[in-house]
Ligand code: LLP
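Taking the form predicted on its own, here's one chain by itself in structure tokens.
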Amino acid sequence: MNHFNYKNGLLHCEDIPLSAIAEAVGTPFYVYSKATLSRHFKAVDEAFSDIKHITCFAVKSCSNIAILNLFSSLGGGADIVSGGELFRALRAGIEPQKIVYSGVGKTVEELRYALNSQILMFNVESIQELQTLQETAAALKRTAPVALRVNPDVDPKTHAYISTGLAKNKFGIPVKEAAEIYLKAREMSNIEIVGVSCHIGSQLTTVAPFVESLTKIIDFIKGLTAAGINIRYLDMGGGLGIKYDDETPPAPGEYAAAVKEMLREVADCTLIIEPGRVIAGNAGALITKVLYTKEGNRKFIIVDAGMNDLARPSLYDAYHEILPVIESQEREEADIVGPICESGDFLARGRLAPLTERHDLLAVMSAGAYGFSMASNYNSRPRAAEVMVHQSEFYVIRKRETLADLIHGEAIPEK
């Protein structure tokens, strides 16, 4: 469920017509429903309320500090993949002991920052990273809490670019090699083994891959226990999908029911889950204005949002529903494209699109996850504003970039 609905012929976010926000802040802009974000976070978190757990929102999916602060107020933590995301999480008020650090390419500077911040744990993805973390922690006279990210070689049945749990993917340590690395970690003076981590991909629409990977990870944890290695945290990652078009992903309760019985076998472990898309995806939309229309071999609707604002259609050929802000049932086959100088710059192709004229507003739905967080300044375009709606009020949570922002930090050398 989300809080985007037509009222009196106008598309609203909660109790505010999107046209009113567009008039106030201009286009394009991202808009998020606070009610939807809260509802979705609680749906995931409460599905696991009867077991020890921490819900660590995947910051990479939607990283605005106002949104992170909202999840912090609801008891959430953060799954981060960079020093910049750690900075955001801390600035948003998330407790360090609810932050887990994933990612294959952590730099020494980032490891040092996270150690000094005293985060909950590092999800280590290679033996070289583990050795570097040991050296960095020793230099700081600190102990690094560690989980190894284990790659279970499970097919998540999702887009190849967002699959992370197969043996051919760059993520994690093969399950057959991980036990030996745990034994090496146990001998490192500044490493404390605290957990096991596993994340197999994103936009999963069935529970079967979760069950398959969890079966392997539980067996793996039992083997570690037998070897005298105590595991306190089981990080299952995230990946639960949402409805963009005709998908029928499981609800959080269904997902939880499928795995909680299995988790009784490792009841001493605190579960860590890292949802991102399932919380933020349908809580946000990208609002754009029609600049021009033109016809040749096909109809083009040219809007002021491009692939720099929303990369998913160009990158993954992803589907996003596109709705007229003024309600209309009239449709025409068209490509909805942006102003970027690339043929790959499109929001939809060959779509039965709303019948539009210049200056009409369109809402690109389900854009709350991997929307603004993947935006760029390609073609020297200022990034869009971000707005949060709460009932009948809205707040600009990120100002639209200016032309001056585009060259911030640049300099022409003196001759």
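Just count from 1 along the sequence shown to find any residue number. Here the structure is a predicted model, which is why all the values come from computation and not from measurement.
Same protein, other form: the form predicted together with the named molecule, not shown, and the subject of what follows.
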{"item": "Partner proximity in the model of the complex: R312 to the named molecule, non-hydrogen atom cutoff 4.5 Å", "value": "yes"}
{"item": "The named molecule contact at F29 in the model of the complex, heavy atom, 4.5 Å", "value": "no"}
{"item": "Any non-hydrogen atom of G306 within 4.5 angstroms of the named molecule in the model of the complex", "value": "no"}
{"item": "Contact of S202 with the named molecule in the model of the complex (heavy atom, 4.5 Å)", "value": "yes"}
{"item": "In the model of the complex, the one of P152, G338, G77, G238 near the named molecule [non-hydrogen atom within 4.5 angstroms]", "value": "G238"}
{"item": "Contact assignment for the named molecule in the model of the complex, among A58, A367, L362, I67, heavy atom within 4.5 Å", "value": "A58"}
{"item": "Segment assignment from 176-184, 297-305, 130-138, 273-281: heavy atom within 4.5 Å of the named molecule in the model of the complex", "value": "273-281"}
{"item": "Residues in 87-118 close to the named molecule in the model of the complex, defined by a heavy atom within 4.5 Å, in order", "value": "S102"}
